[in-house]
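Starting off, we have a lone chain in the form predicted on its own, written out as structure tokens.
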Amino acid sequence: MKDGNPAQQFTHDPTLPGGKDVICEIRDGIAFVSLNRPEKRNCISPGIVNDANAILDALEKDDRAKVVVITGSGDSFSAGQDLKEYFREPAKWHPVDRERLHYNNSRWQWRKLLYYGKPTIAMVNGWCFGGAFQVLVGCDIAVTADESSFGMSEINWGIIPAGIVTKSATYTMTPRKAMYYIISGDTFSGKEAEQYGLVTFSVPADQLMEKVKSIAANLMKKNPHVLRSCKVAYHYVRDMSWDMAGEYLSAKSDQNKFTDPEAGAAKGMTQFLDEKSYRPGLGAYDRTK
């Protein structure tokens, strides 16, 4: 793997599952999970589905991995679902096996990622189309290269952006832009993706890796138990009324005080009010004390 090189190469940690269609390299607390079909622009196949589920399950319990970054080997994030291997060939399978494939695909792409036990970052290093939107939006944070290309091209070959692609677009993008790109099939750049709300940051390709590492380093300073509660609460309250959200967040806050193994709330209060050793607006409390 070479920092600053949009054509990314990773090595696989042999202690982890996968290693063919998805590989994972852990460095300095960051697990780089890379879709690994560069010759197919990392189109999502049954092999990617199986490897991704196995690797994400393993990393959730792996103390070496503090932050999980999902990206693509070579010069693409993912060009979406593999039409032949994911759609045409499984059409011949037993219906139960076909449904199992679709469920397992949705499991890692959004069911698992939305509520994953560790912070997740999508590092978009090239093409990001169709089904890849589900992975992108499932991650907590998304950073792309300015030069990347995004699109929901399904209409161009006679289908709708199904799976959960349309929901992913409406979950993040401004309504007018989401509608336009869904019905036009046009592409847009990384810079435009940031403007439309689809990604968190867009940077030049040679700065992509350093930007992701900087964000990951900041996240690793936070209380991991509370961080997980923050992200789960975010997804739940989006679909709640104001009154329900207020009740839920109060209960969630009380729950954290009893379940946080490092008693972060008490430490933070003591260090800020009594010791005056930090300011919350400028950084996190000292978790080593």
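Note that residue numbering begins at 1 and tracks the sequence as displayed. As the structure is a computational prediction, the values presented were derived from the model and not from experiment.
The protein also exists as the form predicted together with acetyl coenzyme *A (ACO); that form is not presented, and the subsequent description refers to it.
Visitor: Indicate whether Trp108 is a 4.5 Å heavy atom neighbour of acetyl coenzyme *A (ACO) in the predicted complex.
Guide: Although acetyl coenzyme *A (ACO) is absent here, Trp108 would stay clear of it in the predicted complex, with no heavy atoms inside 4.5 Å.
Visitor: Using 4.5 Å between non-hydrogen atoms, is Arg41 touching acetyl coenzyme *A (ACO) in the predicted complex?
Guide: Arg41: contacts acetyl coenzyme *A (ACO) in the predicted complex.
Visitor: With heavy atoms only and a cut-off of 4.5 Å, decide whether Ala79 touches acetyl coenzyme *A (ACO) in the predicted complex.
Guide: Yes, Ala79 sits close enough to acetyl coenzyme *A (ACO) in the predicted complex that at least one of its heavy atoms falls within 4.5 Å.
Visitor: Tell me, yes or no, whether Gly130 is in contact with acetyl coenzyme *A (ACO) in the predicted complex, where a contact means a heavy atom of each within 4.5 Å.
Guide: Yes, Gly130 sits close enough to acetyl coenzyme *A (ACO) in the predicted complex that at least one of its heavy atoms falls within 4.5 Å.
Visitor: What stretch, of 167-175, 136-144, 189-197, 154-162, brings heavy atoms to within 4.5 Å of acetyl coenzyme *A (ACO) in the predicted complex?
Guide: Of the options, only 154-162 has residues within 4.5 Å of the partner.
Visitor: From the list Tyr180, Phe201, Tyr103, Phe87, which entry has a heavy atom within 4.5 Å of acetyl coenzyme *A (ACO) in the predicted complex?
Guide: Checked against the cut-off, the match is Phe87.
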